[in-house]
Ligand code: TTP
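Starting off, we have a lone chain in the form predicted alone, written out as C-alpha cells.
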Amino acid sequence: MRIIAHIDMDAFFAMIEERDNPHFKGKPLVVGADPKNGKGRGVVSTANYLARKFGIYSAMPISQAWQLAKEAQKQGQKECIFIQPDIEKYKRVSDKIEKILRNYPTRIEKASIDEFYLDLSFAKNYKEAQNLCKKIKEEIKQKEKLTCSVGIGPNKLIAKIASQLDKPDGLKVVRPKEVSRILNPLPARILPGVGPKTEEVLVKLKIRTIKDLKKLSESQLKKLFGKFGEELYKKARGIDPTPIIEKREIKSIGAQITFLKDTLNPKIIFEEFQKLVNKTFYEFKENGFTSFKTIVITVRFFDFETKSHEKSFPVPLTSKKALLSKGMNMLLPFLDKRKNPKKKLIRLIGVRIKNLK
C-alpha cells in the first residue's frame, strides 16, 4: 500500500519574518517587491493570513497589494507591513526543516523551498502515518517555531490537494476509498497545472468542479488541451503514479530582473545584465558544473510582450567571460531595430544556461 505525505509550510516567508521580528506579530504582513507607495514593480512573494483577508495573495502585482492594503486600512483594519524578501535566510530555514525530516525513516522529495513529499509506505496503515506526521509537525513547531499543513493520501496528487484543505497548521488524511468523495465538489482549479487560461476554457464549457470535469471523456480533453488533457483526465480521478524523486536533476540555471522603470538605456540594461550573469555563473559553479552549451536570453517589453532568443554553441562554454560576451551579443538586438523595431521600452531581462555538464 502506497502512502504519501505532503508537507506545506504555512505562509513560509511571512511566518519566518514574524518569528524573527516579534513586533510584526498580529499585523498584516506582505513579503515581496518594494511597493513604492503603490507605484512599485514586481509581485507579492507571500502574505500572512491576516493580509490574505484583504485579498492579497502570492504572485499578485505589488502595486495592487498596496492598494488593497490601503483600502482595508480606510475601513478600520490594521496597517499592512510590506518588507522585501531575504531569500538566503529562507533557504537556511528550509535546510533546517529538511534536516528534521531526514531524521525519519522515509524517502524525501524537496519539491520547493517550502514543500516536501514523504513516502510513508512503510507505515502499517494511515493511522500510523497520521501519528508520524503529528510528530513531524510538532518537532518543526518546537525547533523552528513555524507551522505547516500536511496532507496524506495514496499518491502525490491527493497528498498535495489534502494539504490545501486544512490550512493553516492542519493535517488532512484522504484514504483511497475517500478520493472521489473528496475530489468531486472541489473546484477544477485546484488540480495542479490548471491555470487561468485552462480554467477559462473549462468555465466556458460550464465546468467548474472536478465532478463536472469528469463528464468529459479523455478524447475530449485531449482535443481541448493536447497531451495535458490526458493528464487532466487522470488527475480528475485522483490517479497519479508519479514517484518520489529524492534528487532532482538540474537542467538549467538562470536569473531575471524587473527594472524599477521601463528603459532602453544601454548602460542600465548592461549593468543589470552583468549582475544576472554573475549570479547565474555563481550557481553554475556551486552546483559542480563545468560547462554549458546553450544560452537563453529573455526580454519582456513595457506592454508585457515577451520574447526569447536561444542559441547553442558547438564547443561547450566554461567561463563567466564567455557567458557575458555571448549573452550580451544575443541581448543587443533587443535594443535596436533587429528585434525591437518599434523601440519599445524594456520591463524585464533574463539569462539562462542549459545543456549543463
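In this text, all values refer to a predicted model and were calculated from it rather than measured experimentally. Heads up: residue numbers just count along the shown sequence, starting at 1.
The following text describes the form predicted together with the named molecule, which does not appear among the structures shown.
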property	result
Residue contact check: Phe334 to the named molecule in the model of the complex, 4.5 Å heavy atom	no
Residue contact check: Ser63 to the named molecule in the model of the complex, 4.5 Å heavy atom	no
Close approach of Val315 to the named molecule in the model of the complex, 4.5 Å, heavy atom	no
Partner contact for Lys167 in the model of the complex: the named molecule, 4.5 angstroms, heavy atom	yes
Complete contact of Asp212, Phe228 and Ile239 with the named molecule in the model of the complex (any heavy atom, 4.5 Å)	no
Per-stretch contact check against the named molecule in the model of the complex, the hit in 284-292, 306-314, 22-30, 40-48 (non-hydrogen atom, 4.5 angstroms)	40-48
Candidate from Ala255, Ile244, Ile113, Leu101 lying within 4.5 Å of the named molecule in the model of the complex - any heavy atom	Ile113
Sequence-ordered list of residues in 258-285 near the named molecule in the model of the complex, where near means a heavy atom within 4.5 Å	none
